[in-house]
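Take a look at this single chain, the form predicted on its own, given in structure tokens.
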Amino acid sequence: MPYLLVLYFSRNGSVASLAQEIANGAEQVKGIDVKIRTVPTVATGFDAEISDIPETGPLYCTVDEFANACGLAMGSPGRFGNMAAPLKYFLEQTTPAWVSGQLVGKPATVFTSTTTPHGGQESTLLSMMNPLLHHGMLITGVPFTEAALHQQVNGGTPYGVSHIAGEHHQNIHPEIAKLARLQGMRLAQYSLRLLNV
């Protein structure tokens, strides 16, 4: 069965929570599986040993899982208005999929969480779109027809769902969780439509 990949890096759990909500939305669409995957932390100096299997949570993503997904939801915390280094490092290993065009024409969406309201959410989302556009993916976000996008000041954005975690990493607001589920559902629907073209 074709699968949608929900790929993320999360330091304090907010991005992981958004990833789960996106997966929950995608799982409501029949005819497609959902794989949730993460990436390992990048070690200082890149010389530390990293286990092949994380101690807790989802498995680490492989380049093959990335390349063979029929759709992709990708999330990262904001780091000075950019995606986190571990996710960027993983993407830099996907050159073979780029050269062969394995992801051309497949849909993708992005999501993020930052500590502060002005933590660079939209630029973080855009930074994740750049490599996906190089892969030839079709980017989808959260259209303004989604009423929850107009009712929430703790995140949202048409670029993709976002969350303001705050200093104490507060839980995701129910309206933001709803937007994440809608974003996942839309991505799964687009993935199936494009498979059937």
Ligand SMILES: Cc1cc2nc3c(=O)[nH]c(=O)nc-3n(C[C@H](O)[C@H](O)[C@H](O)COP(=O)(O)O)c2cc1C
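Model, not experiment: these values are computed from the prediction. Don't overthink the numbering: it's just position in the shown sequence, from 1.
Absent from the display: the form predicted in complex with the ligand. The rest refers to it.
None of 60-68, 164-172, 34-42, 138-146 except one has non-hydrogen atoms within 4.5 angstroms of the ligand in the predicted complex; the exception is 164-172. The closest heavy atom approach of residue 102 to the ligand in the predicted complex falls outside 4.5 Å. The shortest heavy atom separation between residue 188 and the ligand in the predicted complex exceeds 4.5 Å.
Although the partner is absent here, residue 24 lies well away from the ligand in the predicted complex, with no heavy atom inside 4.5 Å. Contact between residue 10 and the ligand in the predicted complex is found at the 4.5 Å heavy atom cutoff. Contacts with the ligand in the predicted complex, taken as any heavy atom within 4.5 Å, map within 70-92 to 77, 78, 79, 80, 81.
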